[in-house]
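Next up: a single chain in C-alpha cells, the form predicted alone.
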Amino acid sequence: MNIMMLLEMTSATFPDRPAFTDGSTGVSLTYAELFAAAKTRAATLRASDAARMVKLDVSNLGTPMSLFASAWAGVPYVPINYRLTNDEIEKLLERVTPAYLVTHEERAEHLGTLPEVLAVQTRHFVDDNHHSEHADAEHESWSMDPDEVAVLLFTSGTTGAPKAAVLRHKHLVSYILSSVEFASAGDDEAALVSVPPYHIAGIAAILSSVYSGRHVVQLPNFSADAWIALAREHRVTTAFVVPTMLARIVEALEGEADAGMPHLQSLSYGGGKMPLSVIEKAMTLFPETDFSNAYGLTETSSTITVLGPDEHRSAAASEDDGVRRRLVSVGRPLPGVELEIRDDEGRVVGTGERGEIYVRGEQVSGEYEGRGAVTDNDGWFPTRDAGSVDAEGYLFLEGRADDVIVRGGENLSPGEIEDVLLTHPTVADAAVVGVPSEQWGEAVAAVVVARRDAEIDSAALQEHVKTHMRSSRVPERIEVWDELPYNETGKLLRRVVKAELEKP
C-alpha cells in the first residue's frame, strides 16, 4: 500500500483529465502531467539525500507534486503552517532535517542557510526545467510497505511544543478505500479546496479527489467573495469548508434568494462546531446541494463520522426536537470505525452522557514521532474531544475533554451552554469558559457575538439559559465581542477567550 498507487490508477484511467488548477494563476495539470511531475521530483528528492520533504507555502500546484513525489521517493511528507513565525518554523525544521524544503521566495533564502536544509523556491520546484537532469531517470518503483511513514503532521497543541502525528501509508490508503469509489467522478466534476495544505483535511481532499478522478481547483487564501467567484467560474460540483468559512459565505450571500450555484452538488463541512442557524441558512441558500458534516482528527487520517445529506434533510424537516437537533451532530461512524464515550475512569457511559470520545479502526494511527502510539492494548485512541451519543448513535461534540468547567464540584459542559445561547434570536456566536471564582472555584463566563442589527441584553440571555437549563449553568458574566477567535480550520480558540477574560 502506497498513496502513489491512487495517482497511478487515476492517471492510467484519465490521463488527459484536468487534475489540479491553481485558482490564483489559472494554470492546470492533467493527471498524466501530475504523474510525470511526481516521477521527476521523486528523482530530485532521492538525489538530495533528504530524509523529509517539507512544504511551507499556500496551496498551489507544488502541493500535490510534493505529496506524491515524497510517496514515490519513500520520504515522509511534512507540510508546515506558513502562518507561524520564523522562530517557530525554524524549531520545527530542526526536528525534520535533513530536509528538502519547498517554500515561497521570501523565505527560501533565509531558511536555506539553516543546517541540513536544502531550500527550493516553489516556482522553481513547479518548473520542469528545474528537474531536467532527472527527466530521463529510470522508473524506480515506490515501496509498497504499508508501514512506511507517508506524512508527518505537526498538531496545533495549546501548550508545549507541537507533536508530530505519524500517518503511515496503510492509514491513509485505508481511509480512502473505505470512503471513496474509484473513478466515480464525471469529467465535468470539480472540487474547490480552500482548507490549508498543512491540515489533514487538505491532504484528505487531495487523495480523495485524485482517487475519484475529480478536477481540483485550489483557493490559496480563503475569502468568501473569492470562494463564491471560483465556485461559479469553474462550476464547482463539490467543496469542503470549515464552519467559520460557511458562516462567512452565508453572510456574503445575505439578501440573495439563493446562492446561484445549481452546479454545486455537494458541500461538506467539518473541523469545528456548526451553529444551527448557519447550517439552516446554508441549506436554504443551496436548496439542491447535498450537505455532509464530517468529523475527524489528524491522528485518525481524517473523517471518522459523517452526517449525510438525507440525515440533514430529515432533521431539518422534522418537528421532533430530538431529531432536529441532529443537524448539529457530526453523524455516525464510518464503516470500519468503532466509537465509544468513556468517563474519567475509562468506563463506557450511557446514551446522552458526556465523556471523552475513543475510536479505533484501520485508519486510526494514534501515533506521534518520538513518543510512539497512545492507543491502548485494544487499539482504542483517546481523542481528547468530549461528546455524547444519542439513542440512534449520532455523535454530538462538546468541546475538548479538558474544557469542562468545575463549579462548586459540579462538572459543566461549555458546549451545552453555548448551544442554548445560540438559540436566542440576538446571538450569532457564543463561547463559554470557566473563570476563577473565589466562591465556586470556577464561574461560568460567556462571550457572545450579536446578530446583525441586534442588541444583546445580558439579563435576557441569563434568563434564557436559566429557562432551558439549571441555574448553575447561567453565565455570571457576559461580554459582547465583534467576533470570536478561531484558527484557520474553524476550531474555537477557547484558551484565547479564557485568557482575555482573566486579564486584570
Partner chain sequence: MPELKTGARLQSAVCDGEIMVVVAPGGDVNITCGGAPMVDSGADVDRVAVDPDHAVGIVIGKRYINADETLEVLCVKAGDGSLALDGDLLLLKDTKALPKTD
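Bear in mind that the values here come from a model prediction, so they are computed numbers and not experimental data. Residue numbers count along the first chain shown, from 1.
Although not depicted, the form predicted together with the partner chain is the subject of the following passage.
Task: One stretch from 79-87, 429-437, 263-271, 316-324 that, in the predicted complex, holds residues within 4.5 Å of the partner chain by heavy atom - done: Looking at the partner contacts, the answer comes out as 263-271.
Open item on the list: Quick check on this chain: which one of 72, 175, 198, 100 has a heavy atom within 4.5 Å of the partner chain in the predicted complex?
Closed with: For this set of options, the contacting one is 175.
Task: Proximity to the partner chain in the predicted complex, single hit among 179, 298, 121, 289 (heavy atom within 4.5 Å) - done: After the contact test, the surviving option is 179.
TODO: Using heavy atoms and a 4.5 Å cut-off, decide whether 93, 154 and 365 all contact the partner chain in the predicted complex.
DONE: No, the whole trio is out of contact, none within 4.5 Å by any heavy atom.
TODO: Look up in the predicted complex whether residue 144 has a non-hydrogen atom within 4.5 angstroms of the partner chain, and give yes or no.
DONE: Residue 144 belongs to the contact set for the partner chain.
Task: the partner chain contact at residue 24 in the predicted complex, heavy atom, 4.5 Å - done: Because no heavy atom of residue 24 falls inside 4.5 Å of the partner chain in the predicted complex, the answer is no.
Open item on the list: residue 501 versus the partner chain, in the predicted complex: is there a non-hydrogen atom within 4.5 Å?
Closed with: No.
Task: Any non-hydrogen atom of residue 385 within 4.5 angstroms of the partner chain in the predicted complex - done: Flag for residue 385 set to no.
- [ ] Determine the residues of 422-449 with a heavy atom within 4.5 Å of the partner chain in the predicted complex and present them in sequence order; the list may be empty.
- [x] If the 4.5 Å heavy-atom criterion is applied to the partner chain in the predicted complex, 422-449 yields nothing.
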